[in-house]
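Single chain ahead, written as structure tokens, the form predicted alone.
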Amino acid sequence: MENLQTLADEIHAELSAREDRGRVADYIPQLATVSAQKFGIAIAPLDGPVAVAGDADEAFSIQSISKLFTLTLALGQVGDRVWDRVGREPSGNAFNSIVQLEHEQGRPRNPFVNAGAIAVTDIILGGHRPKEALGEILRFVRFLADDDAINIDRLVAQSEQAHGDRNLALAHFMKSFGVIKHPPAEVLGVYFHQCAIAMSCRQLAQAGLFLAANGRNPRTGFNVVSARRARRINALMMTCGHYDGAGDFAFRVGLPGKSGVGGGILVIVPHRAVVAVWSPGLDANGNSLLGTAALELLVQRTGWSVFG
């Protein structure tokens, strides 16, 4: 096993001086208050201590990384019936696009674009009040990370709710086709709060361990999903986890990953480790610029790409 702590320190030191860090998301005003200078990395092997560097223990808004956890939860609740309402193909459009929805009669292309994640949240809401559904999501994330200290950033959630018109439009549009079953305002209330879950790189890396270990969290011993389902979730992360930048991320990094506009990226190294990076500045596709560079360096030095 590589000396992961040395590796984390080297990558952090090498990239910390970089001036080009992208642009911090400002369409959610509360996210715009975060310094672009923040940069953290955590590498969690299947066995052994977590290696961290930089701001790896500072909590940040995970945003769309939450879609990975809600998809896993929904699959646990209703199984493959999820795919009756959400597709599994890359979108080729922006994460909040409504154009494709109209063309495909309200069925979102995949669970990681906003429309798809909203439909997944609607599935979780089935039979629950919004507060109960949100509580279930938060409990599940805490269970995965084995950390009850994880919470929701209420200021981010309020900021999203105040500026969530496009997401509300997506929900109403899907409801007109019967894809959304609950009142859009209720679904969006849960969705905005799940995106506002705040986690550190260390917590995120530990929460993703089950996907690197055939569905079982090696630190807690709990089976989260079957090995078959873990493989399929990883496949979706590889093809759809970085929006319209998924192909470029596969080309440069070659690992299943899920990004969020809060600047985080969670990456799975099957049978080896989970890596989480955070740098709030984004590229044109809404993915962390410095975070992607860090993961590219990591793969170059470890050979961890799934493509060999």
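None of the values given here were measured: they were computed from a predicted structure. Numbers for residues come from their place in the sequence shown, where the first is 1.
Just so you know, the form predicted in complex with glutamic acid (GLU) exists too; it's not on screen, but the next bit is about it.
Of Ile28, Ala53, Ala246, Ala59, which one comes within 4.5 Å of glutamic acid (GLU) in the predicted complex, counting heavy atoms only?
By the 4.5 Å heavy-atom cutoff, the listed residue in contact is Ile28.
Tell me, which of Asn214, Gln206, Asn167, Thr72 has a heavy atom within 4.5 angstroms of glutamic acid (GLU) in the predicted complex?
Exactly one listed residue reaches within 4.5 Å, namely Asn167.
Could you tell me which of 271-279, 34-42, 248-256, 59-67 sits within 4.5 Å of glutamic acid (GLU) in the predicted complex, going by non-hydrogen atoms?
Heavy atoms within 4.5 Å of glutamic acid (GLU) in the predicted complex occur in 59-67.
Ile265: touches glutamic acid (GLU) in the predicted complex, heavy atom cutoff 4.5 angstroms
Ile265: no, not in contact with glutamic acid (GLU) in the predicted complex.
Taking glutamic acid (GLU) as it sits in the predicted complex, is Glu160 in contact with it (heavy atom to heavy atom, 4.5 Å or less)?
Glu160 belongs to the contact set for glutamic acid (GLU).
Heavy atom of Cys195 within 4.5 Å of glutamic acid (GLU) in the predicted complex
Flag for Cys195 set to yes.
I'd like to check something about Ser200: if you look in the predicted complex, is any of its heavy atoms closer than or equal to 4.5 Å to a heavy atom of glutamic acid (GLU)?
Ser200: no contact with glutamic acid (GLU) in the predicted complex.
Residues in 240-278 with any heavy atom within 4.5 Å of glutamic acid (GLU) in the predicted complex:
Those in contact are Tyr243, Gly260, Val261.
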